[in-house]
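Starting off, we have a lone chain in the form predicted alone, written out as structure tokens.
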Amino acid sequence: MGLRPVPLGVGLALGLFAAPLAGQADSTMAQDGLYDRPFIGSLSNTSIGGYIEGNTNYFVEDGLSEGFSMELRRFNVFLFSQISQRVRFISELEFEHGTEEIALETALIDFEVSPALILRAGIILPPLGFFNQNHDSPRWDFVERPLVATDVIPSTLSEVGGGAYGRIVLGDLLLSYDAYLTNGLGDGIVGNELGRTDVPSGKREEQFAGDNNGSPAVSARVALRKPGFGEVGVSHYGGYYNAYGLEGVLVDERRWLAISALDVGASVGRAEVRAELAYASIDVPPSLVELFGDTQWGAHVDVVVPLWRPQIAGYPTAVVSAALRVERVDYNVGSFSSTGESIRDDVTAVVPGISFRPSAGTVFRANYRYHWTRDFPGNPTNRMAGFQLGFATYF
């Protein structure tokens, strides 16, 4: 395709969504995650880009280790096209762990009625929390994704559906909203190979082809942003997850899943803070209550502080930062009815690290991860610790 000048209207439309890239707690609004990528903005109507991520692992668990290993964790390819002044397309194809998993993560079109109303349809990322729409590895100063964002919120969560999003200026505040109907999750949430309630196991191979129960899930997020401070968002996802009907005949009770989240991104002095809290309520069959948790929650807090801005020719924004993550997930909130003792199926982790960004879209990172795990009956704590070196970059 030959290169053509970008019409003025197209440039203005792209300008609404393309902001400078920086670290994981930068000025990016949550709903900008799809379009805030460096490959967008070339002179042609269609652009291609992506990112690559790799890391090493060395962990010791209760005195035992599998040794040192390396992995190419992700290779993702983006396609973007400004089809017309008000219509644009974006997609993401992910190759994970080499070619062990290949998935179409995003494929959608947007039609902009106005900045306050943009219609969206296709394979979308439900706006549940901040991370699910902003999960690109080069944005983050940690090798691993937050546990709450992968285990309570099943990121990366991609579903077929449609809806609308937009933003409204309110004085010195910016209000953003997202609202969608999608196919929703499936039966694997309960009765999976993990032997516990696991929301990510509700993702189905056929979820892009149809709904397993004919009842769409609803997801929505509302956020307020104040320039110079940051953004606070609240979000919710809800829907029936089980296949309760067969050829029009009710064969099971309808079972509801609801996840609510609070996310915060803020600048506090020199530090950039990113935090997320999520709470999940799952309708579990009465015979499985206690064995399969009907309530889960998780949270993480990340703090990134710049330590040094080295003078490197050609890299005026290079920065070395210290990072710290504290996180916890409880997979089965409640008590045993027979003893009154708390059910234990949880993990707590502390992750200090250091990162180097020669430019905003490239990061080299070193993490030390220490976490404590308690199993279902509450046996003595299992401890694991280890080092990870990693890199990630947009291209």
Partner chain sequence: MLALPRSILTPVAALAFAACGVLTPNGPDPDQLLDGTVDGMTASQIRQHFAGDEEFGRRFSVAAGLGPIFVATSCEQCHVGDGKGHPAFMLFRFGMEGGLDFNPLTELGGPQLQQRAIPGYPPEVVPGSATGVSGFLPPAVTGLGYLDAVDDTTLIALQDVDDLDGDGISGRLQLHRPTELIEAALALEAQGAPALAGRGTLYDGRYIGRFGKKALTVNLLHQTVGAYHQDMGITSDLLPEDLFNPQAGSRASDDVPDPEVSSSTVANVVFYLKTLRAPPRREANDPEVLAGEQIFSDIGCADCHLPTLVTGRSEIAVLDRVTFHPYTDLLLHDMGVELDDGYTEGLALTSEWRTPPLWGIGIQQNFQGGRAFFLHDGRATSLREAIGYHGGEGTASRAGFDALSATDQERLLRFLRSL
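Just so you know, these numbers come straight off a predicted model, no measurement behind them. Numbering follows the first chain given and starts at 1.
What comes next is about the form predicted together with the partner chain, which is not displayed.
S.K.: Contact between residue 252 and the partner chain in the predicted bound form at 4.5 Å, heavy atoms?
M.R.: So residue 252 counts as contacting the partner chain.
S.K.: When the contact criterion is heavy atoms within 4.5 Å, does residue 308 count as touching the partner chain in the predicted bound form?
M.R.: So residue 308 counts as contacting the partner chain.
S.K.: Does residue 288 reach the partner chain in the predicted bound form, with heavy atoms at most 4.5 Å apart?
M.R.: Residue 288 belongs to the contact set for the partner chain.
S.K.: Please tell me whether any heavy atom belonging to residue 67 falls inside 4.5 Å of a heavy atom of the partner chain, as the geometry stands in the predicted bound form.
M.R.: Residue 67: no, not in contact with the partner chain in the predicted bound form.
S.K.: Which pick from 367, 56, 348, 47 sits with a heavy atom within 4.5 Å of the partner chain in the predicted bound form?
M.R.: Contact residue from the list: 367.
S.K.: Just one of 69 to 77, 230 to 238, 183 to 191, 257 to 265 has residues with a heavy atom within 4.5 Å of the partner chain in the predicted bound form, so point it out.
M.R.: Among the listed stretches, the partner-contacting one is 183 to 191.
S.K.: From first to last in sequence, which residues of 321 to 343 have any non-hydrogen atom within 4.5 angstroms of the partner chain in the predicted bound form?
M.R.: In sequence order, 336, 338, 339, 341 come within 4.5 Å of the partner.
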